[in-house]
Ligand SMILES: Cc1cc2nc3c(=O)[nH]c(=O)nc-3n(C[C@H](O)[C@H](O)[C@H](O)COP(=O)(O)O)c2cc1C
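Before any questions on binding or motion, here is one chain by itself as structure tokens, the form predicted on its own.
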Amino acid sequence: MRLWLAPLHGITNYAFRNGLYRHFGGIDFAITPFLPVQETSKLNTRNWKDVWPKNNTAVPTIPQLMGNKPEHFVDTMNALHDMYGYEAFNWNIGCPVAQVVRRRRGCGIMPDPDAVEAVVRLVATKTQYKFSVKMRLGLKQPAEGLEILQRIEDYPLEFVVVHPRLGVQMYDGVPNLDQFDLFYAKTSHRIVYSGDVFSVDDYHTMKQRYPQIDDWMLGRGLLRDPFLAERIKGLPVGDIRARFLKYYQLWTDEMLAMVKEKSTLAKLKELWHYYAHLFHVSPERLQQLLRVNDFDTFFGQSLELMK
């Protein structure tokens, strides 16, 4: 069993990842939130702090890339290899966010299998890097994803991450496992399953249905319960409140050292949409907390919710 930390843009940056690894166990690999690909002359390496090797020492980490021009992938991957030594990369063709889709990136490229194959083909022929794809069933219909799987079947991909929803669903509804069955049967590539593993029971249910899958990606489930990877692996979690409190206080201190209180408060509000589940906070009480705009007051009230 290999457990992966999912890339959640705006959340799972290196500061978050390292705080998670420092205080909780069970994660074996991670994929970073995406970096946009560019031609060599336009690469903005000043924004690559998230993939600096010194910021990624705890768990093997793969940079994720976003784009649609094959040559830009080769240029960006070469730069990441030459500057930082990376030899493995992941391509995001699953992001469902509207502004991404409109630019034919993320899920927006899935209706164009020729464009998808063009990127995979050039990377395979022009580089020796390990390359993988993170995808959904499609943007609007599963036929898009099935066609892509057929197109990329003969290329030497390291693995394919599949989230069993359509892009137009965002995160609504439930994963379409019947359609995922067809995807799983369609490809010989190693599959990393991603989607709605929120509990140990969820994992065991999925593992029983797909016993040959050894790679499982945790995203929102790990935000809701930072102990989830430990629970799945049968590791002792001990005193949940004491461990989480230590993590929460240290992570907040580190954020305040990096950015201002306003930015830290915004990040904490985003995370409390998930943490509320761990501490059984009612929707009404959560909304009361989220309306607080003073950092010290918010932090104090959030500590009360952990008791």
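Not measured: the values here are computed from a predicted model. Residue indices: 1-based, along the sequence shown.
Form predicted together with the ligand: not shown, discussed below.
- For the chain shown alone, A6 is a contact residue for the ligand in the predicted complex, at least one non-hydrogen atom being within 4.5 angstroms.
- Taking the partner from the other structure, the ligand in the predicted complex has no heavy atom within 4.5 Å of any heavy atom of P63.
- The closest non-hydrogen atom of S194 lies within 4.5 Å of the ligand in the predicted complex.
- The closest heavy atom approach of W48 to the ligand in the predicted complex falls outside 4.5 Å.
- Note that among 217-225, 232-240, 119-127, 177-185, the stretch whose heavy atoms approach the ligand to within 4.5 Å in the predicted complex is 217-225.
- Between the options Y247, F29, Y274, F279, the residue in contact with the ligand in the predicted complex by a heavy atom within 4.5 angstroms is Y274.
- Listed residues I11, L286, A15, V292 were compared with the ligand in the predicted complex; I11 is the one with a heavy atom within 4.5 Å.
- With respect to the ligand in the predicted complex, the three residues P36, T76 and Y155 uniformly fall beyond 4.5 angstroms at the level of their nearest heavy atom.
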